[in-house]
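Shown next as structure tokens: one chain only, the form predicted on its own.
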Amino acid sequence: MNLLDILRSRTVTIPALLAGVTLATGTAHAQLNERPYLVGSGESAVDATGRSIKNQRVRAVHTTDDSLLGGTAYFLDKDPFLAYQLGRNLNFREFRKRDGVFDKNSIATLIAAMPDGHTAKITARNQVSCGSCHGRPYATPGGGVTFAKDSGRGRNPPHYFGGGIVEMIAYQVRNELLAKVDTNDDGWISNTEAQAYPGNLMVRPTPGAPPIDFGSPQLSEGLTGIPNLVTMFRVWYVDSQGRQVPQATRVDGVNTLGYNVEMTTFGRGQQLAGGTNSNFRALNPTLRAFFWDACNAHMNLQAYDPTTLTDPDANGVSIDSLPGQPQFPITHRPPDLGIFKHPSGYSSTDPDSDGYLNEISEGDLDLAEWFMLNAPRPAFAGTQVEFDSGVQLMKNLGCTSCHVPTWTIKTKDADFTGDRRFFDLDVTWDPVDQRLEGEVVPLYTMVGDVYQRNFGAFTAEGFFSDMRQHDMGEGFQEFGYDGVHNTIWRTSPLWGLTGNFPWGHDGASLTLRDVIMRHDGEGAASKAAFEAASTATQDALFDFLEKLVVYDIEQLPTDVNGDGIIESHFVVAGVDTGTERFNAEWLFKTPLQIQGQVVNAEGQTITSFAGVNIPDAYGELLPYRKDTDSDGWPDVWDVSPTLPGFKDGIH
């Protein structure tokens, strides 16, 4: 029985399922460490496949001037595929003690509060890599093993293929609210603007589609009270200048005269400590916050991020990050606030008092966010006819009332940011070769040596989410550590569905049938329609859902150079790399050259994908990247650049 047969089985047993996925779920297969040496070098840190991390860990230096070689502005503007790869490596790197991970007093500790105010929510300080929870397929932004959070049944981490599109859709919905209600365009909603808005905020996910109801921006008591927006919005209350009023819980017409919002979209959703039954939401509003939050919670690595903290008008919305996304310091502030700063600009605060400073730098966040923004989206492993038929079937069963098939990111204008990615990996099914194939689609225009992003429109077909939360009833009930019940969950996008196995917020569903049958509450009608459908219709739905896939990005046969073909012998830096595939290293300003044909320990001739020009390809010799003593501190920050000091450049 193959894996898809197991997933579709009506009576699958746990042992049979585990037998089919053992290799896919082990955390040892979801992390990466540095292996920069060549086959035959006699060194231990060798990887002939080329999949391990090649660059040394160096804190990235945030810059806004792209002429500063090796700063993050330089990478994003002039070597964006290297920036993507450096961000990828931060996402999947195994951090070590020398990087500041954990400390002697905080390994596998219980932190944060459940709704009862005192029961611990999560086991923290328990991983050394994002890949521990996100890495299936290996070294991709995939799903992973269920981990300890909120309930003894656990929490299942979804994939974040296409994470940038999710972030852009959420921010666009927020901007729709402001564009329609904030009539004087000052960036927040006054009580008079809220009162004047007729009805609910209705947003069309794509032109011509039925609108989605995101609730009422009007205040509950006319000029005072709280807005009745859906729970995906997080609200804070402001004074007459749009500045947040701390601890305010409503518009009172005296101290608070309006409100502002963010849309939290990353995370399954949970009830907040001390909250009410309507106080449910996901965790983070941006990819940047998603990264530093996980680094802090799971690895005890604190990020210092002036980008997030820079809010000139004190309205709760920061300046744009280098990748172009404002942050929300009102609700999400990085753990290292930079109370003490080194003259060079990095933080010397050391929030966890372990001696390791500036553990995650502002530049690291630029790169990690850049990768997550541009992370390729999932694919459909079938023809367009099969896709269209599957969407129609879901509509017939009532599934698309929540799992909305398509969203369009609007072109940049005064209200909207446009598609901020610099490339799209368009993955389609080749029915002849029976495989997925990709095409790198540039979303930029070259202006001199600068990759200038186009910020155009983009339609995300097959997204399948309404970007809302719903009460899913008893079938998806979570019984928290503290005994509090939660049944409200974000509508998970179904794209890449098979990459989220096992399914449900708790990973408790081992078959597609089971996860469908858990739909109660607001999902009950669709479940009833599914139950009433014929066996043939149900099987057709399974066939469609099984084709919503993620994939091994770096092994995907791909037209990289835009010539319209996928070459069998793709030559990079003068060496045959085999089938043309998506490997960002081939697209660096100085492409990585692989070792090529060598004789292995058994006397066989193999192709080694270890890199022979790593320092040049990875920009390790550039002034703002160079780390002479390999202690993780770039020379521009290191008081003693020839004396290793992992904690602060000296010690």
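Counting begins at 1, following the sequence as shown. Just so it is clear, the structure is predicted and the values come from calculations on it, not from any experiment.
Same protein, other form: the form predicted in complex with a small molecule, not shown, and the subject of what follows.
Exactly one of the stretches 486-494, 425-433, 186-194, 569-577 approaches the small molecule in the predicted bound form with heavy atoms within 4.5 Å, and it is 486-494. Contact check for Gln555: every heavy atom lies farther than 4.5 Å from the small molecule in the predicted bound form. Among heavy atoms of Pro157, some come within 4.5 Å of the small molecule in the predicted bound form.
Taking non-hydrogen atoms only, Gly504 approaches the small molecule to within 4.5 angstroms in the predicted bound form. Using a 4.5 angstroms threshold between heavy atoms, Thr408 stays clear of the small molecule in the predicted bound form. Interface residue among Arg421, Arg377, Lys149, Arg88, judged by heavy atoms within 4.5 Å of the small molecule in the predicted bound form: Lys149. This chain appears without its partner; in the predicted bound form, the one residue of Arg234, Lys412, Arg453, His519 with a heavy atom within 4.5 Å of the small molecule is His519.
Contact check at 4.5 Å (heavy atoms) against the small molecule in the predicted bound form: all three of Gln127, Ser401 and Leu541 pass.
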